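First comes one chain, alone, set out as structure tokens in the form predicted alone.
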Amino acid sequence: MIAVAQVAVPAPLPQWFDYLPPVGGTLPPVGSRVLVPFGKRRLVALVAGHAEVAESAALRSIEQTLDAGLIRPELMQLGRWAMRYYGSAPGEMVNLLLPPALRRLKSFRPAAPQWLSLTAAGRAAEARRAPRQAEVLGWLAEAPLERAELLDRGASAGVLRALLNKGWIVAGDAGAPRPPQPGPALNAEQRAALAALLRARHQSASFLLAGVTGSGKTEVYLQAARALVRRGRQVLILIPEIGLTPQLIRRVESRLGFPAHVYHSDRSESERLACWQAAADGRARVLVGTRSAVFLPLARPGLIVVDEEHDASFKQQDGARYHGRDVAVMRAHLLGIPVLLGSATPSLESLNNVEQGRYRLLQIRRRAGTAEPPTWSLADLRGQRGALESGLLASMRRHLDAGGQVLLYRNRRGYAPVLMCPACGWQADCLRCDAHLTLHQSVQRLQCHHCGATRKAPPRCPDCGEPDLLALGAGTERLEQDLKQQFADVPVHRVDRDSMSRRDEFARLLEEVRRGDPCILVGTQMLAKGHHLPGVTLAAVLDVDQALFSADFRAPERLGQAVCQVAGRAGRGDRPGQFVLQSRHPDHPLLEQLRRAEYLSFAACLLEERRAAGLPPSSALALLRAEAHQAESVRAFLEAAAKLMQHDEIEVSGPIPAILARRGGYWRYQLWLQSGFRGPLLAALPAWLDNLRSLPHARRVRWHLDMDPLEI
């Protein structure tokens, strides 16, 4: 028998690979980054374990140990757990635990300076002919700033390079901690939540902080982080969207006095590597990032915070399909530290864990300061022409005239979701998906929002030649156009992926809106997530009817969360707020329940309905998804897979078509695997997945397992 290293190779293959030690060297410790020959390639891989095997001439040697013991045992343990739980290939662990720059042997450019400060020449300089340079010099006059902060404020990389070349600014660091700024005084509920969290600072404990919108949940996070950072501990804050980063960073650095290190996909590889290294050696006291940041190394961990824990953005939808929130809970358990999940609209999974005693519920029932919840009303769209009900239009004018701001939520971008012919009934449909093409009028293009296919909008009907085609429905682009005509005296800002494409555009718009001047904001879910806009006095959700009749059992939960989140944008300042929910089904029981009850009561009813139906979170669910150009191949594979799952405690249903059965030219079906308890399902999956790979149809379809799916 000989000793070998079990290596995770960055390839979608369902196994570890055994390698001999480097020639003339010793076996690298677990967690080492190594260079290995793999077929005709040379790959950067991770040592995941050691084993003894029979001597074989087929075994190859590790070429080089690049970083011995780079990944800590706790993080390796987390990676192996995630692979087992989510049924992912071992090679995915390399992608989770290493930043992109460390996954390749290829050299990379060193990171641009993370912190910049003024030189004496810069303080004396006058950049009258370069206003953008003068603006940056003014920002740096008070204190060194992080490069990302300067970019978020509107500086360009070219401006920073010019100032560096002139010697007016230099690379530096944050220097000594700045005096933290005192935040607002906490109320009794906030103090109780903070005290409970700090009492558990030396143990593994999971808390759910459920506070109404505007209740000051972030202040509780920051006070807890401040106490732990003072003790030399590190705090990791996970957020669902990159767009939330700039405003949170400013608050974190102001309250804590330490720089926040940021990790997300919009950062360059060198910037992410610099953050990863600062986390690993303990220089980074506070880390802020999206779901992938949950795998950052921590030298002195103290607390993990998951903000907006209900948000679906925490679920990875390709590769290793992990949920950032659930991995964060496991990570905190392995580290023996508390984890705090915060939301105004907690997920049913988290509320179920509270009932089961796994999480402790901390509640904040009132808004911070003197702000009061907005008044609610349902607007009946039946018989109305256009996308805005007449009463809502009148309310908008009243709020704008009083100096308020208006926020309109419509989760559909583009001009119109359907383009059709009134003469023959032709509709612009995607040729590759079971979906309509959306009209984007500003560029005269039709686009599929599922597969991305685009084509030019036809001037007349392709079937009958009718020139007057109808654009049905209203997306954010059409709403923006209509609102600019009806409210020509105030700015109208559209917030969606089409209008906010540049890195700093959204952050700059939010800064402008926070000045408080009357304006109208119309946008998609980008606008509804966690933004503090004290000038908004009227908020409205324009169309929720599709969710009322969706085949997705999670649709009512998502509807309630979206409605409550948008309603929470109104009345967060000194003036009272109003919320309007438009519907052509105003008497629907779900909407009545939302209007009468606060979110936790609404969620409790949904939880009971799920239990009665045997649906998650009262049961464990995994989906085996498969797709191919021929539907018959997909069904044959899933039917064979269903026969292989023989377990008394696991119910198998399907093959069932996905809600969008054809997408991007692929037919999509799924197999439902349900169990009343998670243990039997997790125990049965590894052997079952191994057997699937030997099925004749397995090579004819694309397939994967989705544990705890959020989409069906």
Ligand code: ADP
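Since this is a predicted model, take the numbers as computed values, not measurements. All residue numbers refer to positions in the sequence shown, first residue = 1.
Just so it is clear, the following notes concern the form predicted in complex with the named molecule, a form of the same protein that is not shown.
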Looking at Thr245, Thr218, Asn353, Ser395 here, can you tell me which has any non-hydrogen atom within 4.5 angstroms of the named molecule in the model of the complex? Thr218
Assert contact residue (the named molecule, in the model of the complex, non-hydrogen atom within 4.5 Å, options Leu533, Ala368, Leu335, Leu256) equals Ala368
Heavy atom distance at most 4.5 Å to the named molecule in the model of the complex, all of Pro184, Val212 and Arg572: yes
Is Arg201 close enough to the named molecule in the model of the complex to count, meaning some heavy atom within 4.5 Å? no
Is Gln190 one of the residues lying within 4.5 Å of the named molecule in the model of the complex, judged by heavy atom distances? yes
Quick one: does Arg251 come within 4.5 Å of the named molecule in the model of the complex, counting heavy atoms only? yes
Which single stretch, out of 326 to 334, 541 to 549, 368 to 376, 405 to 413, brings residue heavy atoms within 4.5 Å of the named molecule in the model of the complex? 368 to 376
